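Below, in structure tokens: the form predicted alone, a single chain.
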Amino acid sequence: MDPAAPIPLARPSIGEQERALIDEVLGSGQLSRGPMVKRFEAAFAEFLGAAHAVALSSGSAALHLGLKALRLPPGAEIVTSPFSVPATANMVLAAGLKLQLCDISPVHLGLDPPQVACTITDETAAVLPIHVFGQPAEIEALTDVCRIEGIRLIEDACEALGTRVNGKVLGTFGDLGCFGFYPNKQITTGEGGMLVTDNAELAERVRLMRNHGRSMDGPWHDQQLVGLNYRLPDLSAALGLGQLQRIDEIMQRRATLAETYRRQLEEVPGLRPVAAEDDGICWFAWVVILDPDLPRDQILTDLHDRGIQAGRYFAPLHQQPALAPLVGDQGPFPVAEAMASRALALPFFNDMTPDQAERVCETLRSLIERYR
């Protein structure tokens, strides 16, 4: 491998198991609505310890149909984080619900439970925490808040497949959990997602709604609900099943890479990793928070110039041009805004080598020394 070759921010890792399963689907002649989706769903539910898993075309689709399947009152408030991708807000609005933002914890970068408790009103129907970068929001405290208030808990675990809190996998604490399988995630289906729940009725509604409101197994023209085409094709399910069969190996690789980054960067002045420890975390991305006096965007440009594709996370939802008029004057959210201006995501993917990680760290250290 060329030591000076560009290092991508993320890259999927595809093995022989995935190729064999894809060939199986191609040989079957059934590319959609076939048995591979059910195999993927069953394996995914078993891995998480959930009663039901429903495969969908994206993590956004999982959140959209999950919100619809809960049958929340039209216009009800969903309390969620401004520190997220637009998909979170888009799906809340698409479900006919109101976006109610709440600031985040500077440590976990997820919803801050005391602030959530103060944000909840009589119009609040659910809390939607986002487990960013693979690390958990304070999910046990948020579960307690929702239980006390008698409202729903919906987990956006799209970046957190495999992360555990006290032995319990993220995505299984709430009424439902959503996962995404875009190529930069822990496992990928190309595009795709999964909804998990222990509620059989809820899972069945989502299964119907992903197929225009029709059963996947019943009469094709028997429409029972108003729905959409959010099906996951069998080719994508085959890729996901193959990836899931390697999940222990994938999680170990990501843990080793995270430890490499931590070891090489923990003494570097001017930055801190996003979490104090790695216990139980299956990282989606490795992100550092730079000191406010460091020029994050210039450092990002300098890394790109040196062939290292670092990234920034996230533009806060209430500052997005399309969302700002809909959110109104809910802000400011100082922690989310500060983290968004200081976060720097480093290359992180299953097949990343120690030499690549070392090159990233050496380059970042030299840039920080230059600008301090």
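All residue numbers are counted from 1 along the displayed sequence. Worth saying up front: this structure is predicted, and the values here are computed from it rather than measured.
There is another form of the same protein, the form predicted together with a small molecule; it is not shown, and what comes next is about it.
Just one listed stretch, out of 237-245, 83-91, 107-115, 198-206, contacts the small molecule in the predicted complex at the 4.5 Å heavy atom level, and that stretch is 83-91. Distance criterion of 4.5 Å from any heavy atom to the small molecule in the predicted complex singles out 192 from the list 174, 162, 136, 192. Within 4.5 Å of some heavy atom of the small molecule in the predicted complex lies at least one heavy atom of residue 130.
At the 4.5 Å threshold, heavy atoms of residue 170 stay clear of the small molecule in the predicted complex, well away from it. Heavy atoms of residue 185 reach within 4.5 Å of the small molecule in the predicted complex, making it an interface residue.
Under a 4.5 angstroms non-hydrogen atom cutoff, the small molecule in the predicted complex lacks residue 317 among its neighbouring residues.
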